[in-house]
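Next up: a single chain in structure tokens, the form predicted on its own.
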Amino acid sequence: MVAKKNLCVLILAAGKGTRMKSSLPKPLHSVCGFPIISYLLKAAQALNPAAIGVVVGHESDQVIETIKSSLTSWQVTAPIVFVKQTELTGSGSAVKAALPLLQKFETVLILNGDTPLLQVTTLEQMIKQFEEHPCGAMVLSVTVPNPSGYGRIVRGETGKFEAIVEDADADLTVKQIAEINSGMYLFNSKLLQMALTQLSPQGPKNEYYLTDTLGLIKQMNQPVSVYEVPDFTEALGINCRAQLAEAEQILRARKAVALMDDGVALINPQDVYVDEQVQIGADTVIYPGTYILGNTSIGKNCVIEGGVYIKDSTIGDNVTLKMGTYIEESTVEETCQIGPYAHLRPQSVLKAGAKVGNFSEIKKSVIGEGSKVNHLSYIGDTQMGAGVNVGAGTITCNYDGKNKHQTIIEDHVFVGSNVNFVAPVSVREYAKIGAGSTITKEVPAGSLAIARSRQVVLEKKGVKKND
């Protein structure tokens, strides 16, 4: 897609967010697994503008560093220009700080940095209307159930924009208006620049209000129009923890609908927690209480039972994850079965058809094709071949107190119950390990290894045998 050479997107993310009651800057609070600001950056990038600017203020260095270090994981490839607002004196002041950037472009789209629910399709339609019906400025509006506290959009008899009246200044008639200002706008850049130079401080805090530029543009005999969004939730800003939770619920509900539209079966959608970037194949069934987070992909025809937790992992087709399974930063190939209550720690790989069962833990290991670790075992730092059977209670003793060591178990090895492998150690193909053994040396191919003490039965003194 060719970049829109005349368009700059400016994201306002300088506020303190004091109602969040947090040391973390508001733009960095997480919604569905990603910071609020990441949603705005991805939306801006999707418009393919010539430039994206981010105005930062409160804890600006932390915000800038987090954004720069996270762009790849957020799949944001567009270059970002950061603008520091040194004096936090209102939205008008924030935009004035970006004037050196805005002067390079014909059109400026201004977004609030706390609105992660805003959808790209909405912005595309807004820009299209702005281009088809040129005006000095366009304000994005929504109609809300309870407009109290918001600036009202006042229209004339023909429905055209007249003014934005703040709640504190509204009379009873204006207070009945449910259409409100979202705080997001499209501007003719030259007219915006002229209006910004004419702003004067307002209110008890002597702040510069961006809304005042609309009246100034009208005084220049330039039209101001309104783009009304049918879904008011798109413009919901996050100012406190309760609003953060509300946004999370809305995003997850959207994701659930999208998944079901793609053929995924959600048994109880409101009790399934799926992050925005997750991909799931058709005919996969997901039960309540499941968390699927981060950069996770799940194939087709899988069954994900209740209480399963998956993060940053790849799950193949026809996999069954039984109740209580926990998987993080791992790969599970097709037709595997895991759980109930199994744990795959980072860098674990299950090859096709492998099984990991009840209360078993896998860490930084490869479980070969068709191999089984079914019961109460710990397999760490291990390379396991195909067709291996691991008995209950088996442990790879991979840590000597200073370093981690590797265990190698080749194809078709049979491991009896309660075996300890003291790494580094290798077991060659088709070997068998007797139950209760502690293996400290290499086991040759096709051999039987037994490493345990002989059973001794001693009779108690004073106990007579029956004749």
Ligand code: UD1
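Each form is matched to the other, and the largest set of C-alpha atoms that superpose within 1.5 Å is called the rigid core. Residue numbers here begin at 1 and follow the sequence given. Computed from a predicted model, the values in this text were never measured in an experiment.
Keep in mind the form predicted together with the named molecule is missing from the figure; the text below concerns it.
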**Interface stretch in the predicted bound form with the named molecule - options 253-261, 179-187, 371-379, 129-137, non-hydrogen atom within 4.5 Å** = 179-187
**Request:** Work out which of E234, E328, E166, E305 lies within 4.5 Å of the named molecule in the predicted bound form, going by heavy atoms.
**Result:** E166
**Request:** Go through Q193, N112, Q119, T107 and name the one with a heavy atom inside 4.5 Å of the named molecule in the predicted bound form.
**Result:** N112
**Item:** Contact flag, Y150 vs the named molecule in the predicted bound form, heavy atom cut 4.5 Å
**Value:** yes
**Asked** Quick one: does G339 come within 4.5 Å of the named molecule in the predicted bound form, counting heavy atoms only?
**Response** no
**Message:** Taking the named molecule as it sits in the predicted bound form, is V443 near enough to touch it, meaning that at least one heavy atom pair lies within 4.5 angstroms?
**Reply:** no
**Message:** Please determine whether Y209 contacts the named molecule in the predicted bound form, using a 4.5 Å cut-off between heavy atoms.
**Reply:** yes
**Message:** Need the contact residues for 312-334: heavy atom within 4.5 Å of the named molecule in the predicted bound form, sequence order, or none if there are none.
**Reply:** none
**Asked** Does A392 count as moved between the shown form and the other one, where moved means a C-alpha shift of 2 angstroms or more after fitting the rigid core?
**Response** no
**Message:** Given a superposition on the rigid core, I'd like a yes or no on whether D167 shifts its C-alpha by 2 Å or more between the shown form and the other one.
**Reply:** yes
**Asked** On a core-based superposition, does Y309 travel 2 Å or more at its Cα between the shown form and the other one?
**Response** no
